[in-house]
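Take a look at this one chain, the form predicted alone, written out in structure tokens.
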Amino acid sequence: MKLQARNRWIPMPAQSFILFVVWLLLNNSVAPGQILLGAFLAWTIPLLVSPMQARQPRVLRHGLAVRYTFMVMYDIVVANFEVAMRVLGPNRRLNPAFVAIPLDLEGDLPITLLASTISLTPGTVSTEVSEDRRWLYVHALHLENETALIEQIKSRYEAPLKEIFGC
């Protein structure tokens, strides 16, 4: 898993730029004193907090990350209709269950994104990651086939995340 390199003097350039612009906008002034103070804060604040920041894996496949985002948004819309039909429809029998999904992902960010994706999709909620980070426990509102749910999550969500982050 590749990690982003850090610049020692400007550890978070994007955040520094945003902090500088927000400072000027909040003060509604481009006076030399405000520019100087904004630049000083935009440089020192990231410099002071960067040692506290955990290193995150680098996105290796940006196009796939965009496709993944649109796929998740589509799945959220479709799952909303499926849950609505299951709850409001004529056959209101639900079969809720917990499922343990084996994880092949490594790193906090990819596992968090997988758990968030599952929780964002109506009908499923990520409940816990095991201590050894090898299992993700998911609650499903209606479970017909445990193996099918595990395979769907692994192929539809986990596999693209492995490619995006190279883990």
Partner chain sequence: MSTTVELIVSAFLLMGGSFVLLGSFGLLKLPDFFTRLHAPTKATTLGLAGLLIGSMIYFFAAEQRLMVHELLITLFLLITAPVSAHMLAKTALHHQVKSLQRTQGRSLAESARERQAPSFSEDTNL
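Computed from a predicted model, the values in this text were never measured in an experiment. Residue numbers count along the first chain shown, from 1. For the two forms, the rigid core is made up of the largest set of C-alpha atoms that agree within 1.5 Å on superposition.
What comes next is about the form predicted in complex with the partner chain, which does not appear here.
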Residue 140 versus the partner chain, in the predicted complex: is there a non-hydrogen atom within 4.5 Å?
yes
Should residue 135 be classed as touching the partner chain in the predicted complex when contacts are defined as heavy atoms within 4.5 Å?
yes
Can you work out whether residue 59 and the partner chain are in contact in the predicted complex, taking contact to mean some heavy atom pair no more than 4.5 Å apart?
no
Does any part of residue 104 reach within 4.5 Å of the partner chain in the predicted complex? Heavy atoms only, please.
no
Heavy atom within 4.5 Å of the partner chain in the predicted complex - the one residue of 66, 31, 48, 26 that qualifies:
26
Do any residues of 123-147 have a non-hydrogen atom within 4.5 angstroms of the partner chain in the predicted complex? If so, which ones, in sequence order?
123, 124, 125, 126, 127, 128, 129, 130, 131, 135, 137, 139, 140, 141, 143, 146, 147
Once the core is aligned, does residue 29 move its Cα by at least 2 Å between this form and the one not shown?
yes
Aligned on the rigid core, do the two forms place the Cα of residue 89 2 Å or more apart, comparing between this form and the one not shown?
yes
Relative to the form shown here, do the C-alpha atoms of residue 141 and residue 90 sit closer together or farther apart in the predicted complex, given a change of 3 Å or more?
closer
Closer or farther: the C-alpha atoms of residue 92 and residue 80 in the predicted complex, versus the form shown, with a change of 3 angstroms or more?
farther
